[in-house]
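Shown next as structure tokens: one chain only, the form predicted on its own.
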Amino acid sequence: MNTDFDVCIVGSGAGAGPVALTLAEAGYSVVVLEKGPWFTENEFYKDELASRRRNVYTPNLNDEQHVIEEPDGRGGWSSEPTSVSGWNFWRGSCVGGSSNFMSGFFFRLKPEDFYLLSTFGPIDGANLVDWPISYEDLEPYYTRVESVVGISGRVVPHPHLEPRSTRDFPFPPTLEHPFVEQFDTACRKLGWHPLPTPRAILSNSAMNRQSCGYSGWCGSYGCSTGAKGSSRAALLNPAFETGRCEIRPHAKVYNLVSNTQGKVIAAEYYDRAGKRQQVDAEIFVVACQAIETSRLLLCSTGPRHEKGLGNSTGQVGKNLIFSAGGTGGGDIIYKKLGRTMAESLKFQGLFLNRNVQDWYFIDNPVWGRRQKGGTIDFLMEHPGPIAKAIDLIWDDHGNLRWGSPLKQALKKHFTEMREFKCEIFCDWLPTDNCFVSLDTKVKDKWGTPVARVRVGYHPHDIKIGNYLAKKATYLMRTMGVRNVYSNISGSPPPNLAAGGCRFGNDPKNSVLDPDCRAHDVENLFVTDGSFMPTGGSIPYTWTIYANAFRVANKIVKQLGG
């Protein structure tokens, strides 16, 4: 059958870029349908008003929103549209998706993460399963991401270092702040292992991309040098340059059409003018991020898929996960430091780039059997002043601060100290209370049902998060950091969502087969974080990139090699 393209990819983020580049380089024609616009480096500014206050890179919540279900505290659930709550679950609607706005802290999963159920045993109320592939299956693709996307770092042996097929990263570490020496010294005195954090940020110019400019505005901001390894900069741009990959921005896909044999035959979308368009292809790949991928499959009913594509056993949308854990921090007071160190802390840009994984696995006799722990990542406060100034509106007792007291608090924070922060990552266990469905009342501006997301968490997530937070805050106090705090909760971080279409060998409890092909649709693949049955205790992006490269090879084989 003649089709417009060999492969149609819906979405353009971390799950899409590796597929587009691999297929285009293999000689196949590819079209990428992206709902948002196509920005270039010239259009990314360190504009806090644009990025954080006016959300110019995400949809207007009155046009596109979600309905979020949270525990009501009485054993039930309460729901609220995000257009009312203002809780924004979008993290970048443009070519390259949210990878444009990531911080680029890159970690590999560890071999045990692939067998969480077998290694650590069942947990009541958690839908744990093992992955259908092993770390060894994914390792070559982790390595490929290092060179193709561009990861800077330095391998340091430690008790939980995952196996590697190469000795070190292809790019040297990004420049580090002098405060790193104090951090490393404090960790070693405690018998801990301070580890350089790999970054998907080029430390040298390469691959037609500039090196890092060290502004420090990484998280939540687009990179104006191209150093950050977004799907757009690192993968889609070179895919486009092959001449075999067409990227269509402002293409909002609302339905995948399937025929009486159950195959997907076309993607229907609205273009920038709001007109309905259609494209057909031999193979379709969905990579819209976890929540929106489930939504699209549930919306795409057909003669053989009455409950939605891939949903013959009712698994689409189930077992949604986020990254559990939380944050912490404290103040480094300049007058407590030597002059040279104090002066160095007044300048933004250089990275701290340190993490601790000493408790990735926890052997605590009080808890009985060995437990899965997590990662503590340490960083300096983001340079954006508005967000911090808003925090200072409230004093330590929750009272509104205004007038002269607010001015004094602002002056003190921005001239006498710098905040030292940590981010804690641990597993968000899959449960029956975290899933995506279609809302029956709220629709987007095109008239399509929006995603209704229940965000229940497992108490075990909080237990592990608090354990790690105590370690992090203890280190900070040991270093002389003041006003130390931590915040561990069951509130989901919208930028770290996965699951909903997990892969597995059994269609009864999975949507995708081990190759990330829908069990019941032979030409439909899902390559964003939706495939993940469990998320590990790290940010997901490196794993999504690696798996998408793995699946891309499967697609090439299905197309004939």
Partner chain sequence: MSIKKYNIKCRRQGKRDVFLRGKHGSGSIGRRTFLSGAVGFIATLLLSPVVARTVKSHASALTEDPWQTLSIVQDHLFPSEANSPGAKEINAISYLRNMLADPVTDTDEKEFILNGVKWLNELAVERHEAVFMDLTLLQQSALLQQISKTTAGRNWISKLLSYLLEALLSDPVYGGNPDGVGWKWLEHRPGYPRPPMNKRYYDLLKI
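Residue numbers count along the first chain shown, from 1. From a predicted model like this one, the values you see are computed outputs, not experimental measurements.
If you look for the form predicted in complex with the partner chain, you will not find it shown, but the lines that follow are about it.
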Of the listed stretches (71-79, 392-400, 297-305, 436-444), which one has a non-hydrogen atom within 4.5 Å of the partner chain in the model of the complex? 392-400
State the residue from Trp217, Trp192, Tyr254, Phe183 whose non-hydrogen atoms include one within 4.5 Å of the partner chain in the model of the complex. Trp217
Considering the partner chain in the model of the complex, which of Val264, Val453, Leu379, Ile464 comes within 4.5 Å of it through any heavy atom? Leu379
Every residue of Asn55, Ser323 and Phe347 near the partner chain in the model of the complex, heavy atom within 4.5 Å: yes
4.5 Å heavy atom contact, Gly504 to the partner chain in the model of the complex: no
Taking the shortest heavy atom distance, is Lys412 within 4.5 Å of the partner chain in the model of the complex? yes
Asn62 within 4.5 Å of the partner chain in the model of the complex, heavy atoms: yes
So in the model of the complex, does any heavy atom of Asp331 sit within 4.5 Å of the partner chain? yes
For the stretch 87-103, I need every residue with any heavy atom inside 4.5 Å of the partner chain in the model of the complex, listed N to C. Trp87, Arg91, Ser103
